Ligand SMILES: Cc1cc2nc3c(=O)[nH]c(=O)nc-3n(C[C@H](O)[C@H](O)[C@H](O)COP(=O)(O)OP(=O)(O)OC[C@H]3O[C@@H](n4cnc5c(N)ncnc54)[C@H](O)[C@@H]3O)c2cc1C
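Listed next as structure tokens is one chain, alone, in the form predicted alone.
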């Protein structure tokens, strides 16, 4: 007896694709998942360094945090989780300041002793300028914390990260890390902050561990579709770059990528926090991530692993570039994608929607799409 043909095709074995695959498989559908890489979990992929016992993220730091009870309950079913609250520091001269900017950072940078939110607001009010219509990242920072902190922390970092002046970037980029008027040094303030024991590849592996799911890695969808009839599938979910799906019909959307330089150092820790940003143009990289902070080994060892991140236009597409030129192109691709929905073809995830979304958002949107398409 032959097994039934897959009725659901999913391109991409990251969190968006894995969530939909699991949901449809659990509902009884036959699911085929394709991914061009030799591993699961997309950019969340990590591995255990055998020489040190340190879990290393191959594509930069990926840290799970969410306020969604639905998402938290969902991911709990596939892995055990260990609490982890991320801290980020920024090197300004010889100082290490907290990010996002908070009361502690302002006191240290300006050499003052502000005691509360009211004093901090009053202090910064003298350094900022009113901007009627905040449109760019530059507008936002200047209107909230002023020129001195803008030039010290954000101006050059933005130019290195995005290869654009902050005046060319949407304010939404900087608003991902809003100014805090308290002493909370955590990078995120979400209710749930944790990492999956065994890493993100193990998490996705458990999500896809279902008898109704067929997984094909090292399979490029664009080559594969020249040899297969897509009409055999009831629904197709695509999580790759939306402009590539349409063969760049309206032009290329811009993505920033990263070149990771990994280093091992024979010392217990390299830096004080999981991530330290380097805004100065004296450094060609934007930040250093030390993975030992995320998953500390069970035994104390005099070794650690870091990665230096060098932004580039080449390589895997990581960051959609939020500026006017790309918004205009995206609207055209969105209209083209909308026309495919009656045929059962849908786009999701960071690349499929060309949006700078977090991991919990990717899962939440996949869950919502499944619910929407399967209402009785």
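Residue numbers count along the first chain shown, from 1. Everything numeric here is computed off the predicted structure, so don't read it as measured data.
Another form, the form predicted together with the named molecule, is not on view; read the next lines as being about it.
A.B. asks: Quick one: which of 267-275, 220-228, 140-148, 102-110 gets within 4.5 Å of the named molecule in the predicted complex, going by heavy atoms?
C.D. replies: Only one stretch passes the 4.5 Å heavy-atom test: 220-228.
A.B. asks: Hey, in the predicted complex, does residue 350 get a heavy atom within 4.5 angstroms of the named molecule?
C.D. replies: So residue 350 counts as contacting the named molecule.
A.B. asks: Does the 4.5 Å heavy atom contact test between residue 65 and the named molecule in the predicted complex come out positive?
C.D. replies: Contact check for residue 65: yes, within 4.5 Å of the named molecule in the predicted complex.
A.B. asks: Look up in the predicted complex whether residue 25 has a non-hydrogen atom within 4.5 angstroms of the named molecule, and give yes or no.
C.D. replies: Residue 25: no contact with the named molecule in the predicted complex.
A.B. asks: Closest heavy atom of residue 318 to the named molecule in the predicted complex, within 4.5 Å or not?
C.D. replies: Residue 318: yes, in contact with the named molecule in the predicted complex.
A.B. asks: Report yes if all three of 91, 262 and 286 come within 4.5 Å of the named molecule in the predicted complex by some heavy atom, otherwise no.
C.D. replies: No, none of 91, 262 and 286 comes within 4.5 Å of the named molecule in the predicted complex.
A.B. asks: Taking the named molecule in the predicted complex, which residues along 39-75 bring a heavy atom to within 4.5 Å of it?
C.D. replies: 41, 42, 43, 44, 59, 60, 61, 62, 63, 65 sit within 4.5 Å of the partner.
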